[in-house]
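This document opens with one chain alone, in structure tokens, the form predicted alone.
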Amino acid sequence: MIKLKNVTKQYGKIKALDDINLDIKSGEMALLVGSSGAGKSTLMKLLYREERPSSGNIIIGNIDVSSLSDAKIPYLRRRMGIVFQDFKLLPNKSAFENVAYALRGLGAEEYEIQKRVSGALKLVGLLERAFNLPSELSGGEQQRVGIARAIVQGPPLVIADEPTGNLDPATSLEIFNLLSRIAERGTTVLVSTHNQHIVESFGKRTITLDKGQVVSDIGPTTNNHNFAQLRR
């Protein structure tokens, strides 16, 4: 699903990532850990092409993301779900409308929107809060809306960048368990986190970055699952 081949990202003289090689299988859940400045967020940004590597190749499915034309980036992102630390919800729209937003932008039929959004909200346990505004939801509930938004189109890949950074320990565990359930449905899930306690108790594959390099990579792997191809 995800392959990084000799990936380096340099800002001036500083190497945020230094000759990274990774292989994450389809249907696998992997945790990316490391202290602040280790390179976790840089790696995530490379995957959804907010940044471009200085050298090396990033392959998602059969797509070389590193050389993808700018015009194709929106199509790439439609094939992955992205979960952010600060939720990035539209404050004047309900939970339902936040999840439905991308589907409406794609011109989906209303019955399809109703079915998909209701299903995603049910999966994250928020169907009864569908018409609440973000300000009426707790931090954990807002992040669950963010997860529902990430999965509503059924992407084969979900990327979560510090999804529990603003949450208390109990809520953080709930979010990790939810992401784990999503992975069990066949979705590849990559989560960056600095929450070492959850990492140690969670038992998933753990990739540790330090000073832009992979210093350890331990834990289980799973079988392949197809990722939709995108032509440049």
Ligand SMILES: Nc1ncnc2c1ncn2[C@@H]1O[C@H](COP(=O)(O)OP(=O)(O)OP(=O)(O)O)[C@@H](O)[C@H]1O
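If you're wondering where the values come from, they're calculated on a predicted model, not measured in any experiment. Residues carry their position along the shown sequence, with the first being 1.
Keep in mind that the form predicted in complex with the named molecule is missing from the display, and what follows is about it.
Of the listed positions (S66, N195, S41, T171), a single one reaches within 4.5 angstroms of the named molecule by any non-hydrogen atom in the model of the complex, namely S41. Residue heavy atoms within 4.5 Å of the named molecule in the model of the complex occur in exactly one stretch of 181-189, 197-205, 29-37, 56-64, and that stretch is 29-37. No residue in the set D23, I73 and Y75 has a non-hydrogen atom no more than 4.5 Å from the named molecule in the model of the complex. Proximity of E162 to the named molecule in the model of the complex: non-hydrogen atoms within 4.5 Å are present. Mapping the unseen interface onto this chain, V214 falls outside it, with no heavy atom inside 4.5 Å of the named molecule in the model of the complex. Contact annotation for I14: at least one heavy atom lies within 4.5 Å of the named molecule in the model of the complex.
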